[in-house]
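Next up: a single chain in structure tokens, the form predicted on its own.
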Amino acid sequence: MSKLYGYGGTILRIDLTTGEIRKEPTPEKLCREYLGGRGFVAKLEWDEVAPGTDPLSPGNKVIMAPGPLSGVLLPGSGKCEFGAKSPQTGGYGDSNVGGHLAPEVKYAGYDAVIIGGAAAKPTVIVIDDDKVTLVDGSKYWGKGCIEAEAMIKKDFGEDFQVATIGPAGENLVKYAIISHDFGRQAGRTGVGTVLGSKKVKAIAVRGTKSIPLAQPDKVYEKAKQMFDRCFSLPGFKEWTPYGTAGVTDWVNEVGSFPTKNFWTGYFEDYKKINGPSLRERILVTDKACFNCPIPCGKYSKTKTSKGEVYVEGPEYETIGMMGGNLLLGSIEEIAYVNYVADELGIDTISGGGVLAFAMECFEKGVITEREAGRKLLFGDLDSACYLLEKIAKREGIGDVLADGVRAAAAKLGKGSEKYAIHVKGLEISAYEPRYAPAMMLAYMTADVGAHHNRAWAITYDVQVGRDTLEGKAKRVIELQHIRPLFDTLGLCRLQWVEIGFELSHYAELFPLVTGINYMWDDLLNISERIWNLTRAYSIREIEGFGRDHDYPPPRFYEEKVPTGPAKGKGLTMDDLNRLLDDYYALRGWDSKGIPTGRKLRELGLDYVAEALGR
């Protein structure tokens, strides 16, 4: 086998039931066909988790994988992928986290860590270069994510990079996060829940090795050019002060800001919760992930009637889902709810969707004050914090809400399905899509459920016209190949998305790091392979999976937007079907949304075609 450049060279396997720890060489074929990061997660989930496995059983596996460019001194090379069969959707699940974890995993020599089985008691996985141990984590169990991370760093060393779960993960809330670096999260699809089912409180990693590069001198030259280019782009000065919070005004002004459980797309008080309000009223300092030239993290100090806390954020998705969607009208209150969710280990996107669902159910009489234990009111900080605590502990109404809006609506009934804003069981992130057909389609077809990071297509809607469906499917597919490719390579996409950094740089860089002479189109073809594999995973795992699972909630095709710039706008079921028809045809899938055998074999997924009988 030829030397693997850009890789650690080893896959680490941990069986928590037996305590067995094994290492094996990273297969060159796996690197060439799936690259790393999200690609490794998808392939290993397919191969390692038996069909029909209960997501919360010992048979499910959590896979942690940096990418081939993670840890190399490039702009934004600090991304790590976590994946598992999702307890939220029952299908393919993954989530991406920044910070400093991915480089540390690479420096310890690993391209993937596969965690299976289940421990008998709370456990911390300690990876210290070649030495891997399972340590009693009982003293950290019950602690918040941030508190536990501080304790573990104190006990094991500040130079360890630590990922933790909170009480929500311990109690198997199905949208629990994995937290890292005191405010970065792998937040979506319940990856933290699966760690909790295995009684893993934390993973602590320290690495001291180097990453072999195919052409180190040329990598250095290219990296310097990339940094210089980032700093010189006009978007750099506009983006840096506010990070993702800076898009709040724009999303409101195009009528797509989630407000009152996506009842509408415009929040009157948005100037009180936007980027400038964050910077002027609560910011302590900017904060960046590993080797990042644009520090989108905003470390803040907030004071409310409930107390004074420090928190990283809030970022835009939290501002949308815990702000406008709950009608919380001050940046201080949103930051406080952000802190509570982070410490408990709850995804602020799904969490915001669940809280808004509960508040609307209370408003409509589906949930009574007696059932809830108190009034659940939009615009009320106490209601939000009360519900988060109840959910994390699975107490009372919190036990119903802890499984997400789809499952909660099924239990509550009384027409509450109308208020459950999700696709495939994953709560929708912070863009109201009724006047954004490409964004709607991106939510409908995202492989993990409704998630903006697969195809942030709303800008395309605004650019080419929001009243047309033409060309939207083609653009969504293009984005679904480009954006997840960053998660596969181990890079942050925000340099490209937010400051206009050219994709051509990455095409030039990849062979210099890995020695694999792939062009940009080769990388995109691999990304398409991964996309079809993750779709196939959910087809394999969810009975009847297909077109019916791609539809959004009824609110999005039965109700017009009632207020704001998008007032009176909306999409019909005929519109949605036209979008899906276009999308499936361009993808090479059948009318039910199932990849054809021809398409799977064209992508080198013969084993998938055979498994699905295609």
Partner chain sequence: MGAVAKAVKKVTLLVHGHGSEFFPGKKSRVEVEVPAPACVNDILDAIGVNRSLVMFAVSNGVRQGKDYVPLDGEELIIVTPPSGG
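Residue numbers count along the first chain shown, from 1. These figures come from a predicted structure and were not determined experimentally.
We do not show the form predicted in complex with its partner chain, though everything after this point is about it.
If you check its partner chain in the model of the complex, you find a heavy atom from every one of Arg229, Gly246 and Arg475 within 4.5 Å. Among residues of the shown chain, Phe262 is not one whose heavy atoms approach its partner chain to within 4.5 Å in the model of the complex. Contact check for Tyr316: a heavy atom falls within 4.5 Å of its partner chain in the model of the complex. Contact annotation: Glu360 falls outside 4.5 Å of its partner chain in the model of the complex, judged by heavy atom distances.
Proximity of Glu343 to its partner chain in the model of the complex: non-hydrogen atoms within 4.5 Å are absent; the residue sits far from the partner. Proximity to its partner chain in the model of the complex, defined as a heavy atom within 4.5 Å, holds among Gly142, Gly90, Gly500, Gly329 only for Gly500. In summary, among the residues Arg483, Arg535, His100, Arg206, the only one with a non-hydrogen atom within 4.5 Å of its partner chain in the model of the complex is Arg483. Residues placing heavy atoms within 4.5 Å of its partner chain in the model of the complex fall in a single listed stretch, namely 456 to 464, out of 91 to 99, 126 to 134, 456 to 464, 195 to 203.
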